[in-house]
Structures are given as C-alpha cells and as structure tokens.
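What follows is a single chain, given as structure tokens, in the form predicted alone.
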C-alpha cells in the first residue's frame, strides 16, 4: 500500500505550490492528479496575477494595504479581511519567487515585471505574461516540482477521503489507465482540485472542473462555505463561452451594444467604464441584452480594433488565436461577440488562512477552498495570487502538522474505505434503472444557467432547487455503468455527477436563503445589500436529510463596510 507524509490532490497552481513548499521543508510529498499537471485548468488563466509592485507609471503609489482595500471592496465586504490582508501582503514575495524560478513575465522598458489594469483595481497591478499567464506560471511550478523530484501520480481520480474519527489518514483513488482502485495512505491530505464550473452549461471552465473536489470532503463531514456566490466573467466568447481575458479591457478594449454605444457609462463612472468589477460588468452586459440592445438577444461586442495590430499581437496573441479558431473573428479587423459566462466559485471547503479545516490533517487551497479572501465577488487577477499564497501556506502548515503529531499506522481504515469504494463501484455496475446519467447532467447544467445565473429571484430559484432534487432522485435510477477498466469515463462522469448534484443543491439552498443582493448574488426581489442581517458567511454541513445550514460572522479588521461605488 502506497503511503506518503503529505498527499496533494490536484496538480494545478495551488496543488503544485503546496507540494513544492512541502518538499522545501523536507517532507515526503506526492501529487495525485486527474490529468497531467500541465493540463490543469490553471493553465487557462490568461490575463494576469495581482501584486502591488508599483512597476507601472500609474501604480507608483500602490501598496498591500490599498490592494487589500480594493479586494475587500470588490468582495462587497464579505471577504474575511484578515485573509485578504495576508493575500495582498504576501503577493510581492510570491511573484518575485515565480520570477526567480524562471516565469517569463512580460517586461517594462526598464526590464521590470509589466503590469496592466484590471477591473476593480485602484492601480495597474496585474502582472502578466502576454495573455498566457496561468500557462506560464503552471509550467514554471511544474519545473520546480520536477527539480525537487516530487512524485506525481497522473490520471488518478480521487473519490473518497479516508479517516479514523476526526483525523484524515489517506484517500481512495482509481487509476484511470488501468481501472485499479487503490488506497493511498497519508499523514496529511491537501485538496487543491479547482472550481466547480462545469455544474453550469455556460462555463468558461475546463471539463475537468466539476463539483466532486468540494463534494468529497463535504461528504466526509467537512463544512462548505458561501457556495451561493458564483462569479460570471463578463466576456466569454459567444457560442462556446471560452474565456476572453479581462486583460483585453485592461489594454483598452471597449464594450459596445447594438447601437454602437459604450454602454458602461450608464452603469459606472466614466473613470472606470469597462474596468468595473466583474459582477457589475456582467450585470451591465446582461441588462443591455435583456433590454434589447444586444445582438441576436444574446451578446454584445468587445472591440479591440483601435488597439492596433502590433499591440494585439504583442499583448493578446492567445485571444486573437481563440477568436479566429472558435468564432471566425479576427479582433484586429472585427469586434468580438461576447457574453457573460460562469467562471469562478467563490465558495468552497471552509478553511482558515493556513488551509486548515475541521478535519485534522485535511487541508484545502485554491478555488475548491473558501479561505474567503474574495467574499461575494472576486477581482480579476486575485485567483492566481490566491493559489500561490494559500497553496504555499497550506503546504507549510501541513508539513508542520506532519512533524508535530503522532501518526499511527492506519491500514485498517484504509482497507475498510477501499472495500467500501469497491462495493460502491460494483453497485454502479449492477444498476438496472432506465435513467440516462448524461441527460441528468445536461438538465442540471441548464437548470443552473437558467435559475441561478446573473440575476436571481425566489420563484425561479425554488423551481431550480426542486429540479435538482428530482435529478437527485433520478440519479438513483440510472442504468448500469460500463464495466470497461481502461479509461472508464462512464464511471468517472457518474461519480462526478453525484458530486455535481450535491454541490448544486448547496448553491441553490444557500441562494434561496440569502434574501439580499451582494456581489455576484443579485436578486431582483431583494435588490439591496442588507448588512444588518446578511453580513455573514453561509456554512453548510452534509446530513442524510440534505444540507444543514448555519452562519458565521465576517472577520472585519480595518475597513468598515460601506456602500460600493465605482
């Protein structure tokens, strides 16, 4: 039976950064990833990563404190302010670290790391490498993991946490290449599995970003926080919802309606325009479409033509390629058709600022976690920063945990969990129902888009919640899964669907209960923020009867909640 001191589940930026930190501290660490690490969804991040370096002429007065304030204001004051201050306070250190490891950031004429403006930021503080920043960071970290000889188990899908009482002792995973199910022992486990975007049909996320990575610890008794806050990116490519980076607006791109108007002036000040936070820009675009000022009742235009060929080819080459390949549009010559697409889950496994959870030895980092640096709305450029900062902190804390605690051999728990998982898979193979799991998956994705989108109301959300419950019942009456052992994606998608449905129900129930509008949670029947009743986090625990909800206070340090104006 394989065993390591620390197992990191997920090979994206948060997972690799956590693993690298463990290796630095001399801890035996391994990464378990559903895909090869450099194929992780982190590589899809385009526009950049925030840090108050002050390298841009307009950003000389930037500071960690101002970055924290912008982050907290952008969160609609639901962020835990200690978490936001830690993230922004450690930002420069993490960026210089990546630079020294060889990340090919774009440069200023003086040779410094280049920075561009992003929505909701008071200064141009987003460091970037053209429009492939996530890809560059991911490759850089994987090179470090390789240099440190960190063991990577590729194409293993984790389906269960193993624990004895309130202490984690490993995971159960299926080798997708062989179909073999195995128990992997560990003194500590870090989940860095990414977001749950594929619950929605109109998502910018990769197909691997499902709700299973949040559902597994939830099923194991670990609380989940703030799942009702789902971010829509304002500009996804019409037709496919492929991401069109915020960097396109940061470089000067205009949003235009079917009258040729830069309509953002009607929603925010002319000082901000297209660089308002994502929740505001998404609502503005959707309002234009809903009121008949969009194209084909579906999208608006993102116009880059005035930037010129040289700037587009130098700073947005990937966006140009995507537009030509997937929309038949060359941004040098024509505007890009864009619409909001589901992009990011602010909620996730409830952790503290070191990635610790209620389950001893179990940590989480990155988008699957909710340390709550982003609150109700994340600013662009802060997600990559979160992976680097809290990935490193989780790796450090997990390493300390391993060194400070006794860890008795727990082969019995691992064997019991392995047997239970084998029984579960056999049950899936023997089902004789008539329901089609892929139809359930599609109905869920459309329900989430239609009922829990940019604008929400009680009637439609209740309809959506009831549909999710019907789908959960249908899931128990599906046909048998394939008995194929090699790359059995019928099994993979079935297990992921179980997680998707339970996480969707958390989003639905949390959204129905939160009778206010805050950040990405915008209700047409409760249009204003209500700090008196709702300046608090939603916490949900798994129970046989469905999610059990409670609430806890937001951590306020130095920034008193105020009306959010741009």
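Owing to the predicted nature of the structure, the values given are computational and were not obtained by experimental measurement. Residue numbers count along the first chain shown, from 1.
The form predicted together with a small molecule exists for this protein as well; it is not shown, and the discussion that follows is about that form.
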**Report entry** Options 363 to 371, 471 to 479, 405 to 413, 350 to 358; stretch whose heavy atom lies within 4.5 Å of the small molecule in the model of the complex
**Finding:** 363 to 371
Query raised in the report: According to a 4.5 angstroms non-hydrogen atom cut-off, is residue 250 in contact with the small molecule in the model of the complex?
Result: no
**Report entry** Partner contact for residue 393 in the model of the complex: the small molecule, 4.5 angstroms, heavy atom
**Finding:** no
Query raised in the report: Is residue 19 close enough to touch the small molecule in the model of the complex, meaning at least one heavy atom pair within 4.5 Å?
Result: no
Query - the small molecule contact at residue 237 in the model of the complex, heavy atom, 4.5 Å - result: no
Query raised in the report: the small molecule in the model of the complex: within 4.5 Å of a heavy atom of each of 11, 15 and 156?
Result: yes
Report task. Could you check which residue among 53, 35, 511, 27 gets a heavy atom within 4.5 Å of the small molecule in the model of the complex? Result -> 35
Query - Answer option from 150, 276, 243, 445, heavy atom within 4.5 Å of the small molecule in the model of the complex - result: 243
